[in-house]
Structures are given as structure tokens and as C-alpha cells.
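To begin, one chain is listed below as C-alpha cells, in the form predicted on its own.
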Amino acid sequence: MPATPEVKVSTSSSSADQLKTRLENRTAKIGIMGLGYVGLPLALLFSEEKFPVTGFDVDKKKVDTLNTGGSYIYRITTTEIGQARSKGFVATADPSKISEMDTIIICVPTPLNEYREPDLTYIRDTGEMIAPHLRAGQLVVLESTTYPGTTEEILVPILERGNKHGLKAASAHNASPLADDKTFYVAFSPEREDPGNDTVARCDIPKVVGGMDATASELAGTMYNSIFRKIVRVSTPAAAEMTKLLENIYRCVNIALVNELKLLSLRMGIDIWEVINAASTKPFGFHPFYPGPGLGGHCIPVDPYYLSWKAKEWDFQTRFIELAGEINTSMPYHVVSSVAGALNKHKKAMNGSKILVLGVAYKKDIDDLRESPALTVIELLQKEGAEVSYNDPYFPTVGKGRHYDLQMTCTPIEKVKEFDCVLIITNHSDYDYEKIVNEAKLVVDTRNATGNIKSPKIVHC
């Protein structure tokens, strides 16, 4: 890792100076709240740099798994967990340990509720958990994707109201400096995890940081500079929060555009994948996005709704963003309609047909179900009377989540020939698509996984 540059903290606060020194010499105790797809990789990064790291999670099963050297995330090996544990990493469900930490990084989910409105329950609950154990001089950083204003309007008041010592967050808005023994520091730094991406090392992804004041920004920057090669400081937590939304809404809008063009191209008899490949040869002004059965993952399907909801507070309608969301949300319905049409050409009704869904993860080669369009597609197919099974090498079972209750078990891929239709939702690299096409009666492909295979059995949608 690069050497941490010399940065002078913009205050005479001894607690800030002391924390900065501990961060620079790797003795600061790092606490990670939430050990999921964001928190656990982050904990391992800090552990690699020889920081003493404690992971906090309310799920005792996760805590026990990590403390016995196991892993519940496919891409994180038990070897990595073992190496972290040998360097002092420990997981706990005990919130009293929070007071021992020098920095506390919050990595908890921010889903949508049933009305597609922001659900900040996890942030609020985590803030309430931290507050009684907060002490002067600690740095609290929120990484959870959320709307601009969450850090200052939601998290900070919870921390200030709930602590036992009358502590206040250092802020650029304070009329006069706070007493050193009454101050803690708060920043927002959006996570930029990209599960399944093996081409860009985590440490090479620039880290955006926005603090409540200059000291908080510099402390957070010093901390993250130990594990990331480049730190990008912005003026406020709200600017950092908006940065994350812009990144994901940019992708959402462009995916919606290419999904709409795919629907038009299907009617016109044009291969949209050929068009995208041709357009990609332009060396400037174009970045390829690809159509699919809908959006998945924690961020891209969720973030537009966070900003749209917040925009209403300012009497502003995000029409462009909302339209993109509508297009992407409609794609699972298009997939089901395409399956029905393909079956009909084979003189089969949807009702009673046996359909095998290939891939339920939200993207290829990962073990992540969050907001996966496959879950919606399966439920829609079942409502139409289809007998639905699935195969996914990363999921032996699919049970119950926030918005689904499937209770299904993975069907062996060898049983492909027993189904009336094979529906490719997630194009995992493990699949032998040529063999699948040869053995299947009908294949409906939403990802162009069979693009190089010529067969009358294949229907692209």
C-alpha cells in the first residue's frame, strides 16, 4: 500500500490529533457495524493492513461462523477469514464493545419498503445501538447508500440524543468550537463494492469522503487512505451521499435505455446485442450497457427511489429517473410474456408447463440474491400456473426474504431435458450452454448467453 501522506488536522483538538496518530501507525481500533457483502470485505481490508478490527452484527449465526473460521459469502474464502483472525479480527454481537473502538463504520442495508419508499430502519437501529456507548474523540462513518441528508438529519441526531455524556458531533455549522471532551466526529463515505468484479482490486477504487467538518473529513480520509490508493474529499456528507446516487442512477438510466431499445429491436427484427457490439467500437462518447430481465443488487434498483422520495421534500419531480425505474421494473413481466409466447409456439400452455429457471443470483458468478429479478420472474410464472424449478450453483436453497417466500431447492442441471422450457435469467460461467441447448426442448434466453449458438430451440427476449 502507498505511504499515508502527512495531513495536518485542521483543529487543535487533542482527541483528533491522537486519533490521527493511531490511524497512521495502525493502532486505531476499527469497528465495522454489519458484516454483510460490504462490511465483511471492508473488515478484511483493514485487517490486511494490520489494524485491530472488530466486526459487529446482530446475526449471531454470522458471528459464530466467523469466529470459528467459516465464511457465508462465496467469494470470501475460509483462508481469508483465518488470516484475518490470526491478525486479531473478531466478530461480536455485544454492543458494549463499541466504546472500545476508535472508529465505527456503519455498513447496514438500506432497502425499500412495500411502498418503494426508503426504509432506514437498519441505520436508525444501528445508531440507537451505538449511541449509549459513544465516547468523545470517536469517528463514526456511514457507508450505507441513502438519500442526501441522512447522515446529518437522521444519524447525527440519534447519536447526539442517545449518548450518556452530552456529546455533540463536530460540525462546520457550529458557531464556536466544541469542548474536546464533548466532541465526536462524523462522516459519510459511500461503499463502492462490485461483487464478482475481479478486474479492479478493491484498493484501486477511489474512496469518496465527506465529513461534517474539515477535521472529520481528514480523519476519515486518513483512515481510508490506509486501505485505498486514492481519497476523494467532498465538502459535506450530503455531497458524498449524492455522489453514490449519481453513480448508480447513471447505470439505472442507461440500462433502462438499452432495455427499451431491446424491446423495440425485438419488434423490428434487429439483434440488439449486435448493435451494442458495433456501437462499442466507437472510441469516444459511448459506454456499453446491456439489457436483461430486470435490475438486481442492493443499489441500482433501489437508489433512484431514494432520490425521488427525497426530491419531493423540495417540491421537485424526478421524471427522467422515475421513468427509468418504471422501464426496468417492467422487464420481468416482459420475460414472462416472452415465455408464454415461446411455449404457445410449441403448442404448450403456460398453465401446467414445467419451467427450469437457470440462475437466481442478481448477476453472474456471485452468491447474492438481493433484489434479483429472478425472484420476481419465478413468482409471476407461478401465478400463471407454471411448475417452476430453478438451478443455481451458488444457491442450494432459496427460502424467504423481505419480499419473497419461495421455499425452493436447487434442481440438478442434469434434469434439463425433463422441462418444457429452460429460462436463462443469470448467465453464470459454470453453465455449459451448448449442452443445455442440445438437451432442452425450448430455451428462452434473457442474457444472450447462447448468442454464439445457432438453434431453432432458442428464443431471445
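All residue numbers are counted from 1 along the displayed sequence. None of these values were measured; they are calculated from a predicted model.
The next section is about a form of this same protein that is not shown, the form predicted in complex with a small molecule.
Proximity to the small molecule in the predicted complex holds for all of Phe56, Asp125 and Ser144, with the criterion being a heavy atom within 4.5 Å. Residue contact with the small molecule in the predicted complex: Tyr37 places a heavy atom within 4.5 Å of it. The closest heavy atom approach of Asn225 to the small molecule in the predicted complex falls outside 4.5 Å. In the predicted complex, the small molecule sits beyond 4.5 Å of every heavy atom of Pro373. Shown alone here, Pro109 lies within 4.5 Å of the small molecule in the predicted complex, counting heavy atoms only. In summary, among the residues Asp365, Asp102, Asp213, Glu191, the only one with a non-hydrogen atom within 4.5 Å of the small molecule in the predicted complex is Glu191. Taking Val339, Cys299, Ala220, Val360 one by one, only a single residue has any non-hydrogen atom within 4.5 Å of the small molecule in the predicted complex, and it is Cys299.
Annotated contact segment (heavy atom within 4.5 Å of the small molecule in the predicted complex): 27-35, selected among 425-433, 411-419, 27-35, 398-406.
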